[in-house]
Every structure is written in C-alpha cells, then in structure tokens.
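As structure tokens, one chain now follows by itself in the form predicted alone.
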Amino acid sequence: MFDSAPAPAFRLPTALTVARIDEENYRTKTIVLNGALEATPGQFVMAWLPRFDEKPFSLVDNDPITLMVTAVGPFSRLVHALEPGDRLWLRGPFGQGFAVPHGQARLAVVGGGYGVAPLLWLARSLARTGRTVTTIIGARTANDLLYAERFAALARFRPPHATAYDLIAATEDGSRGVQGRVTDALLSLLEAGAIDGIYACGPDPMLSALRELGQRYAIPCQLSWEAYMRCAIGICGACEHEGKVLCLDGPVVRD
C-alpha cells in the first residue's frame, strides 16, 4: 500500500519504478510496481518500453500495481530483464472487468495457463464478499501451473467474511492435482448444481468449452478473452472478436 491515493487513470504513458520481481516458473515473472491505480479485476494496462514497443497486460492487482509477464517474445523478454529500480511505463486501465451480480452465491473462478493473471485478485475480492468460491486452475504440467501457492494461500488464510473457499488444480499429465482439464473439474460441480456463475480467463478453446457448459447448465458466464491489443481505445480493430472490440467491449464478455 502507498500513502498517496491510487491514480484514477494514466492517460499517457507514465513511468513507474519496479519495486519487486518474483520468479514464478521457468518462463514467468511477477512484476510489482511502485504505484497504485483505480481499477477492477479483469481490466488491463498497456506497458511501454521507450523506443521498443507497447503490449497489454492484465492487472494481477491494482495496489500495488502488479503484472504477470510470461516470456513469449522480444518485449516480454526485455521486461524480464528489468531489475528493481528500473522503470516501466504504463497507461490505463482499459476495458471491462468482471462484475458479479447480486444473487450469485456459489461461484467458479476458472483459469488456464497464464490466464490466471487477473483471477487471483478476483478470487480474493469475491471471497471477501461472503460468497462460496471454488477456484480451478489448470495447465499441461505442474511446472506450467501458475499462482497455485498464491491461490492456495487464500484457502489457508480465508478472509474473515468468506463462507468457503476451495482450490482445485488440474494438470493434463496428472503431475499435480487432478488429471485432466479445468472443464473436467468444473463439470462435476455443475452436475451437482453447486455453481451459480462462472468467471474465467484463458485460451480461446478453453473459454469456448466453458461457454458451452454454461449454456448447457443455464449458468451465466463472464469470460475474459485474450486478444492482441494495440491502441486499447477502440480505433485500430486489432482486438476484434465475434463482432466486439475487446479493448472496449471486453476483455470480459458476459455470456
């Protein structure tokens, strides 16, 4: 936390200092920045390195501003090379985040791969409202599973007003948690009538499968779709998805 109030928005790229870097696995780091921002779980920011490029990242937290960065290309590898005290420029927040309506008491928070990035903040926020929250995170192997210990900490140190919080880890090779995909783990909960709402982020095939499950069991879904954001203000159209411009109409879309 910081003494100054969170910024309502960074309209132009604003320099922030790297406060801490956490190694998550062989290709993923969590970058904690020296600043705070008014935002909601599911929104994103644009990170910029001068004279190189600008890329979108989901907010892992808003106070302090926290980003998950997986090394998948030249920009993310440059961010991985940053050290505490270095600067990273941000603008945002952008997009539509998650919004939980009244009447949903038993929620499934489902993340695949590095799609878990916005879901830790969401799960923590939902648990504090007194709802029953089941988080399901998945990956191909145990080494690819992200934020498992952070989600598990929510279960061990349950917020005071939380009714219940559970974590299910699923890996395709069975090296951690249950063997299978997140949809397999969710299906048993849906069949038992134990879920009122699905909140998810991950690869498009996973989200499409979750949407089909939601339709089959008449459970509303809020799905955060991944897309390449360029302008983040609805001009370039690079993030078009099923007729929506995700930087404005998403990335969280209600189904």
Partner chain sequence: MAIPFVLFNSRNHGRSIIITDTYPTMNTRTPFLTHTLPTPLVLASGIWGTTVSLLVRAARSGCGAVTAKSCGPAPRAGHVNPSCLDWGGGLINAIGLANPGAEAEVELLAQAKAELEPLGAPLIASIFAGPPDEFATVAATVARARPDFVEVNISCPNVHSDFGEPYAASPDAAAEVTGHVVDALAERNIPVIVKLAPNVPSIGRIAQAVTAAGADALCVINTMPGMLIDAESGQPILANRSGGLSGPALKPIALKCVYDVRKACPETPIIGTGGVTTGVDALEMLMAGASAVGVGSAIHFRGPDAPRLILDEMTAWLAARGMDDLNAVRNRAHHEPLYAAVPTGAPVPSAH
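Numbering follows the first chain given and starts at 1. Computed from a predicted structure; not experimentally measured.
Below, we refer to the form predicted together with its partner chain, which is not included among the displayed structures.
Heavy atoms within 4.5 Å of its partner chain in the model of the complex belong, among the stretches 66-74, 48-56, 212-220, 195-203, to residues of 48-56.
Mapping the unseen interface onto this chain, residue 230 counts among the residues with a heavy atom inside 4.5 Å of its partner chain in the model of the complex.
Taking the partner from the other structure, its partner chain in the model of the complex has a heavy atom within 4.5 Å of a heavy atom of residue 245. In the model of the complex, no heavy atom of residue 140 sits within 4.5 Å of its partner chain.
Remark: residue 9 does not count among the residues lining its partner chain in the model of the complex, judged by a heavy atom distance of 4.5 Å or less. Annotated contacts: 19, 33 and 128 are all free of its partner chain in the model of the complex [non-hydrogen atom within 4.5 angstroms].
In the model of the complex, the residues of 67-94 lying within 4.5 Å of its partner chain by at least one heavy atom are, in order, 87, 89, 91.
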